[in-house]
Ligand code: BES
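Below you will find one chain, with nothing else, as structure tokens; this is the form predicted alone, and questions on how it binds or moves follow later.
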């Protein structure tokens, strides 16, 4: 997609459609006011008559307006100007793009009174995400991405960064939406390697033999029921000038399909389990964006890639595993497997000497019950580091909520036969999963993000199709931008 700024007036530009942003509490101004005047006040009258309510993401369409070259004008509500931010911009312009992309349209022009770089960046990212569907394998696509976007704002750096972030979000979405018979652990690693090659990052693969030599007993146990070999893929971006600059680790759970293992899931619960690698997918998207933006930071992305299947080789409830850091783990339920994968991945990150860690995982249904489908749960051993991540999410317009990590939750993980169990009671399940992971980060400042809710849409939104969302890619980019 080619995206560029334009000074051509909205009624003269040669485009297949216009997207026009309208605030709920401000009179029209700039190019939008010029267009309204050219239309004899039609946009103003539509708003005043309440035929169009400019709430965020609301859209209405004008056809074949006299004197306007573009045959369609898509009005999109931006809500009150006083509440307009990057999150609203992302969703609103994504909604307009999704609406227009249901028909193939090569060239779209965008006009709105948005002047700050962060909001322009978010609007561009939303446009790119909104016109990109989830139907990877349909012969006839429901949505067609635009070939060209002209935007009536001259903030070229923000346009460029918005495109990089939008394309990285779509990369994450495509990974989550991929069929698990095509995106198995080694195939996922190959995709990560491709991203590294295109972005100039270093890539390293730990295959099964390497994992065995590194004594990654927790991750290997999850994988042993499948014929698909496990691996850990490592992506390194070194953007800091100083050789002594600190390193940030992004660790992702990459269970490319989760049947539940011998603790088999019901069929209905398995349908979306191709997306159980959403944490790893988010890391890949964020690494691509961070590299594309040339951010002055050192980041290592670690992807724990396995498939959890039932077979005569599968690990069992009551097995005792030994993780890479020497902790022994009694298995209570083989469907609590993601934390076992992350246990060894986090241990690898610690031994690399990284300075701070964020892990991301579609880890627990309990987090979805607690916070709903749109909010990620955050757990930490360092409140100031978690506050940094939370502020980054606020800036990006994404939602995370910190959950308490009281010592009492660890009591549920006490085992009679091993150091810890892999599952507590049904109460506080998202937090006990976080407390389990805390055993593997030593004293490194760490934030665990449970993205079970926001990583996958089971019903479409106005700005996005069903399936993978790319949630938290923008937050990780903001963390990288503020890193020091």
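Numbering follows the first chain given and starts at 1. As the structure is a computational prediction, the values presented were derived from the model and not from experiment.
Below, we turn to the form predicted in complex with the named molecule, even though it does not appear here.
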Which one of these stretches, 83-91, 393-401, 285-293, 335-343, sits within 4.5 Å of the named molecule in the predicted bound form when only heavy atoms are counted? 335-343
Answer with one of 265, 160, 215, 236: the residue that has a non-hydrogen atom within 4.5 Å of the named molecule in the predicted bound form. 265
Could you tell me which one of 205, 366, 245, 405 places a heavy atom within 4.5 Å of the named molecule in the predicted bound form? 366
With the cut-off set at 4.5 Å between non-hydrogen atoms, does residue 423 touch the named molecule in the predicted bound form? yes
Partner contact for residue 273 in the predicted bound form: the named molecule, 4.5 angstroms, heavy atom: yes
I'd like to check something about residue 362: if you look in the predicted bound form, is any of its heavy atoms closer than or equal to 4.5 Å to a heavy atom of the named molecule? yes
Hey, in the predicted bound form, is residue 452 touching the named molecule, heavy atoms inside 4.5 Å? yes
Contacts with the named molecule in the predicted bound form - residues in 240-268 whose heavy atoms fall within 4.5 Å: 253, 258, 265
